[in-house]
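First, one chain by itself in structure tokens, the form predicted alone.
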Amino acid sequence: MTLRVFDLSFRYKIPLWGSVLIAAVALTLTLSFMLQAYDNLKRDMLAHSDNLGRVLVKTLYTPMLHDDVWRAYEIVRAPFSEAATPASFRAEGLILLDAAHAVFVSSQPDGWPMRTPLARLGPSYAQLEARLRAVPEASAVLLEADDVILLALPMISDEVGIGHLLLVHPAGFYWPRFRQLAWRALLISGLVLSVLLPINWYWGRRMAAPVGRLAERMDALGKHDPASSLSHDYPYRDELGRLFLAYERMLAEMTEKTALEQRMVKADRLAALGRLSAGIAHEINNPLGGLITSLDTVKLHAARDPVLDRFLPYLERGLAQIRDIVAALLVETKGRSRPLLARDIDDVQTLLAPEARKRDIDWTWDNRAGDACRLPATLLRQVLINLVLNALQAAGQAGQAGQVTVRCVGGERDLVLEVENDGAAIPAELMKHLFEPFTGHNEEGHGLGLWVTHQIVEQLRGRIDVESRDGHTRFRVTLPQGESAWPPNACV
């Protein structure tokens, strides 16, 4: 059970322990006050009885010396008369003892008859008599027994003891007043607790809530992507606030590390695919060249035959498609090429305009590349053609005419190519493998265009970003134009 309590969430543990602490402090203070009040009340009541007795002693000297019993009886009965002001702490009775410790007169003659020795009134009275005989005559004696409290005050005349005035109190004569004080203290403590406990639960849960959210975020690490910002949860800069900042730094570093690992894995996979594809392409090129040459020879020198006339075009188109695929697999940036000019971009527009008209695509062409680009024209044209062809194929939805926007903006440090279309969004499962070969999601291509584009952009030390949602897909290619981006001596 103890372990379960300690395993509770801070949202409950902090208010719970705070409540226990507040209740313990309140109970301790209340008990301390009650014990102090008990001692003070008892001492004050006994002091009041002592004062009352000493006042009565002064008035009892004369009756005692003259053996005036009636006058002495009137004096000891006066505090208990109906006209006397009642007090919750007054004595229960008064007994006037003579020098021999016998009853001279009492406020209750039936209970304490005259001339009765003190020891015969009861065990407590006998104990008091023994103590009176053991102490000097001028000493007051207080006896607290289980059934009664007795206070004996000496009566001295000319330095000679003539008797004692005995004040009799019930054992718990101060309890009624103490109960009133105790109930009042408990009531005040209850009111204080009724205010402090809700405040404790409110602030405890409020302070623990950020810790709980931080624990949830920490537990979510590695399982799914948690929220990156916790500044709105705890905007302060104390120890807890610094812990939140450390979490954000750790999350940013982990996110960056994960992205770097994904890029490295993707780069390794693409490099392996590239090497495999290049090896396959080189092996295919030799027999493919022979087949194309043989086909051209048959077309030039073979006799006319209906079967050949029917099937040779199929063979020619099939071999041409194989040649295009092999050429795509062998793409490299180390070939010789001239720098890109603005008219190269316009040539791509002219080349693809028929395709746009065929598909009834409304396109916008914004060419601000300029003539100062230090990038290879052949490769940039290939990148732009691949992206625009993909956009033309993907534009439009539900039989409606599509929209394609092409932007080419050149700057001093980089060249930016943007191609947008209004087609359906790229599926999330395809987005992870978008630049891998043979992963196209339409039936019109073989899935090599984007892979070739990615290879060219990577070798030119650029970056390609994709943003896709329903009704808007944009490819953005950023290529640096520094000296190291593309060797100038490769130009012709």
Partner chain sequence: MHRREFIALSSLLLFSSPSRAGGKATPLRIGLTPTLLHERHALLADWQTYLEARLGVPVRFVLRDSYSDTMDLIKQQRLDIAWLSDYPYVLMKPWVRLLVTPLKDGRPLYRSYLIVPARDTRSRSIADLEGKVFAYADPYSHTGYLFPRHVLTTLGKSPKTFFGRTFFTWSHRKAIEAVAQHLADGAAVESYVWDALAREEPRLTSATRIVNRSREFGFPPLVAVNNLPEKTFQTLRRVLTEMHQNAQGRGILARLHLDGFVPGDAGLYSEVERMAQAAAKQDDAARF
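Bear in mind that the values here come from a model prediction, so they are computed numbers and not experimental data. Positions refer to the first chain, counted from 1.
Heads up, the form predicted together with its partner chain isn't pictured, but that's what we're talking about next.
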Quiz prompt | Listed residue (R179, R413, R206, R115) with a non-hydrogen atom within 4.5 angstroms of its partner chain in the model of the complex | solution = R115
Self-check item: in the model of the complex, the residue from R381, R77, K299, R131 that sits within 4.5 Å of its partner chain by heavy atoms
Solution: R77
Quiz item: Could you tell me if F104 has a non-hydrogen atom within 4.5 Å of its partner chain in the model of the complex?
Solution: yes
Quiz item: Does K58 make contact with its partner chain in the model of the complex, using a 4.5 Å heavy atom cut-off?
Solution: no
Quiz item: Does the 4.5 Å heavy atom contact test between D158 and its partner chain in the model of the complex come out positive?
Solution: no
Quiz item: Is Y73 a contact residue for its partner chain in the model of the complex, using a 4.5 Å heavy atom cut-off?
Solution: yes
Quiz item: Pick from 106-114, 354-362, 290-298, 403-411: which stretch has a heavy atom within 4.5 Å of its partner chain in the model of the complex?
Solution: 106-114
